[in-house]
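First comes one chain, alone, set out as structure tokens in the form predicted alone.
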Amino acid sequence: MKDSDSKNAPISTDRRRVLLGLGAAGAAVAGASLTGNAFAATAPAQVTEAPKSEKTQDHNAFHGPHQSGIVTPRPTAGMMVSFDVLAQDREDLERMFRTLNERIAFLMTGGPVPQVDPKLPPLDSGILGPVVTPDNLTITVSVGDSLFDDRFGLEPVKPKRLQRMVGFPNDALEADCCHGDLSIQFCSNAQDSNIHALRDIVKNLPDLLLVRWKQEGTVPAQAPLKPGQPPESARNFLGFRDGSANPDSNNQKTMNELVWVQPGSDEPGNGEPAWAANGSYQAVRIIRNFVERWDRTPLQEQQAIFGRVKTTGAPMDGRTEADVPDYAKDPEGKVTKLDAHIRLANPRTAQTQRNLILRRPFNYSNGVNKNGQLDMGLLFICYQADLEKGFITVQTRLNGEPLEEYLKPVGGGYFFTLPGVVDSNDFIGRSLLAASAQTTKTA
């Protein structure tokens, strides 16, 4: 009998008798189920059998006033890629944005890949199969300070606060993983979906985009919450929850105040160009963690450095992660040290509320350094309506904090996340190009 025949052969009478004799417990272990007189058994998975997921058809809307991937709930896998733009003129630049728009719209929606003559290169890498699944993918496009040089005439409409990232005192920035003309953030349920999307964009824009640097990251999944249990942030590679006290991304009023550049922001005294409305400033930092040193640090010192209880994520004067520390009752820092990370990052005063940022980080692991130390840390990503009031102010307050002994920022950049694509007649970057064209006509 052939193997294929044996797999489909009916269960023998003797074997049926043995299985039934195992009882309910044995049947559960065997993965079998009984329905009347019929018996169906699920064969154990093979070593190379693909993992199963019910989430591969999850998808996010492509059209809207804002790009997805900012207030969208963070999935398991993230990837930040920075590009140098190779376009030679404005016509090339528009072709780049239109092609990006076309590819992103397809990748976020999914569908079958057209087949071509086998003598030609296939239209798709094939790593997701002949039908591309959306897999909760978001692709978020942002532009860097260097795109507004003299190549394309964009300088007159540059976002007011967009600038090249400069090093802070504890930084050790590496030139080959900093800055860029364009950044694309890929997020999905699986890293392969992000890689598939990146390869698709690289394949379709070989003469217009060149990868400058790339950093992948993940977020550890957690068990489902118990009834009544409040949501919890995921843990970073230092073992602490990362995302505590993040602004409420479901509160539109809060997001309008802190994350989105608002219509009318081009009024005197503000200075943002009108086209930038509904966009946001993106700050990216690749932050290496010295995990070996951290793992040898006493727990009480770790908690004092962060200002939170490691197991629960609660502030030192609280019980749950969501509790708000009361610094007014602790002016001398006897409970939460004055230089604790959470106290410096967010002093919780009326004045510092304007400095809040929306964090969207991922953990990364890049292997082992030449000295045998683990190369891992945090792919820090945040969004804000004002880069100077947001990330730059917060990071400046953190300069010299005790946590610096255990981390070293090595890369990243500042970018402006473009407004969303409102409908099928629009395309990513259209408002920027239109604004700069209008400026050229009136010059």
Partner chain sequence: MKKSPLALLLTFGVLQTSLSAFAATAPLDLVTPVSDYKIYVTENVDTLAADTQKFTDAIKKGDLATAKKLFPTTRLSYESIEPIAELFSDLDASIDSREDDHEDGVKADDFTGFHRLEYALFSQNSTRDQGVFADKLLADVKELQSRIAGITFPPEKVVGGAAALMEEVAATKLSGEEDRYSHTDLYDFKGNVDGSKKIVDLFKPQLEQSDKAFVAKVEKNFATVDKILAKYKTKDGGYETYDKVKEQDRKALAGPVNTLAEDLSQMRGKLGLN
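Residue numbers count along the first chain shown, from 1. Remember, it's a predicted structure, so these values are computed and weren't measured experimentally.
Missing here is the form predicted in complex with the partner chain; even so, the following discussion is about that form.
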| item | value |
| --- | --- |
| Triplet 102, 114 and 207 all within 4.5 Å of the partner chain in the model of the complex via a heavy atom | yes |
| Heavy atom within 4.5 Å of the partner chain in the model of the complex - residue from 298, 271, 121, 331 | 121 |
| One residue of 214, 235, 98, 90 in contact with the partner chain, assessed in the model of the complex (non-hydrogen atom, 4.5 angstroms) | 98 |
| is_contact(residue 174, the partner chain) in the model of the complex, heavy atom dist at most 4.5 Å | no |
| 4.5 Å heavy atom contact, residue 127 and the partner chain in the model of the complex | no |
| Non-hydrogen atom contact residue 84 with the partner chain in the model of the complex at 4.5 angstroms | yes |
| The partner chain contact in the model of the complex: residue 203, any heavy atom under 4.5 Å | yes |
| Contact stretch among 364-372, 187-195, 244-252, 90-98 - heavy atom within 4.5 Å of the partner chain in the model of the complex | 90-98 |
